[in-house]
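The chain below stands alone and is given in structure tokens; this is the form predicted alone.
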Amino acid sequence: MAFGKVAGSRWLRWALPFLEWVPSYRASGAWHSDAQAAVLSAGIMLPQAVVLARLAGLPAQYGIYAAFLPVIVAALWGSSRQLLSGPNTALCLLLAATVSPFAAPGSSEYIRYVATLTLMVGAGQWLLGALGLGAILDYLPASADLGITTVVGVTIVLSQTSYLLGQTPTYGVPAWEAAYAAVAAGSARIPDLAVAAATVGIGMLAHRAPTLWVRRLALLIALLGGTALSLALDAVYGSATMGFLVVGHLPVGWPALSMPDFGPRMLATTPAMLPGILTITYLGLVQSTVIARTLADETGQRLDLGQEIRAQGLANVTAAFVSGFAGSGSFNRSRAHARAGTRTQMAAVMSAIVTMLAATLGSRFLAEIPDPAMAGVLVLVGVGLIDWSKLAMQWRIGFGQAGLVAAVVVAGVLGGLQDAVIVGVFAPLVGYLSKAARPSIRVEKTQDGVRVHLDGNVFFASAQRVAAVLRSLGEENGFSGRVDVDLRDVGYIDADGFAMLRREQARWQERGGTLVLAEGVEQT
């Protein structure tokens, strides 16, 4: 009976981890600090939710919905006290790139595709966490992550060129190509350019303000400033003359239920979308776990990575059914969230509620936000993602690190974020394998014959190199005499390496020679 209670309790904590801290929350005295952090975080979240929804090709209210219930689920089921999830810049770009070839952005069909893709991403992430496969997230080195972040920043800036110039955006093509076409058209609307420039300028000034809260709310202040300028120009010159495109009516309220579509057309296009789905699944978890680990190291919190992965997956599953879209942790929001004094996950729950209330009460203002002001805010976001100091450090470290960053950036700008992630993951693995495939092989003559000393690993990538040395020795003396292969400094031997050594041993024996394998190595 006692064992059943313990097991039941363990499974209950696994399924509902917030039961460990929510019942004692009132007595913890964290309410005031969490509430203060929540208000500040909502001020950061609100403008990002609106503009990132546009970046994903969705109506603005979908960004608000993605910043509400999914954020609450990620906070309650997660283990990090500081991580703040929600719409993510890189994932929004990937969503648009994955779905826009199959449906017009903003259309009902596009929205159904996004819901289905989000459900697949969330289910995949939850499954990775449930199976304890979070170790695959360690295969993205810091230099590759820096390259991907840089690609995201560059892509955002390029993707807003059409809006900055007051032109109709082009979908379904790389951002650099759309930007080139917009500039080559040789036409620009001065009012749109003025509002976008003012938004960027206000944001830069706010970011450098001496007051901390002004710097943290720089994006919101920039959005307010750009919108105010557009309203002023409309009042002076008339809305018909200015012709600003605005967000329009936002039916913000309780999130409407959405239903993923698994009809014949969706199933037919899933194979083509699969690279994008896998990239969003992987990159979303990489960003969330890196942020959670970084903040946990700074605060000394003990982090349950498996729980965090499951929480992000569950949050995206929720988003698929409440008119949201795939999201993940955000470094700038989470950093500000932590520095504002958050003490528990309840701060993220409060932040999501405040964001929804602010969007509902301020929906009339949000409806007046012009496209060039949103473009200006996204330019600020994009430029802010490019960390010049880290890029310079990679260059100083050496060509290898700088070359990886450059390869990721070039692949991402020319081919898209999927290509950037592929290069970022596989280029280091190829580099590692190429080095590991060259074990140290030292041949020494002894009184009894020849001694071959191996130092390194004998596995599928290096087995043929070792075999070539052993065969060369045999051909030199007609496979006569004795060769001792010293394996004491070999780290491990896989099945391919072990089979190769046995084949070479049999070859020597057939030719009348002797090939002896030293003991002291563990086969894996």
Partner chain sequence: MRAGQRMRPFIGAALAWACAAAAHAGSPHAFRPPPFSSMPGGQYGALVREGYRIFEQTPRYAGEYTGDALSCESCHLDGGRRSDAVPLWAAFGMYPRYQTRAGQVISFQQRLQQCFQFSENGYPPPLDSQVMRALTAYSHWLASGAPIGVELPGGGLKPVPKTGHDPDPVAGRRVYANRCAVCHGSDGHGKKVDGQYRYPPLWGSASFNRGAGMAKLPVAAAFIKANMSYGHADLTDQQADDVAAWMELQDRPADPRKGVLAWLLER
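All figures in this text were calculated on a predicted structure; none of them were measured in a lab. Residue numbers count along the first chain shown, from 1.
Beyond the structure shown, there is the form predicted in complex with the partner chain, which is absent from this document and is the topic of what follows.
Among heavy atoms of S440, none comes within 4.5 Å of the partner chain in the predicted complex. For V246, a non-hydrogen atom is located within 4.5 Å of the partner chain in the predicted complex, even though that partner is not displayed.
The closest non-hydrogen atom of V236 lies within 4.5 Å of the partner chain in the predicted complex. Although the partner is absent here, I136 sits far enough away that none of its heavy atoms falls within 4.5 Å of the partner chain in the predicted complex. In summary, the region of this chain contacting the partner chain in the predicted complex, judged by heavy atoms within 4.5 Å and restricted to 327-335, 425-433, 277-285, 108-116, corresponds to 108-116. Using a 4.5 Å cut-off to the partner chain in the predicted complex, each of A104, R364 and E368 places a heavy atom inside that distance. For the options I397, A256, A240, A142, the residue carrying a heavy atom within 4.5 angstroms of the partner chain in the predicted complex is A240. For the options T211, T168, T446, S187, the one in contact with the partner chain in the predicted complex, meaning a heavy atom within 4.5 Å, is T168.
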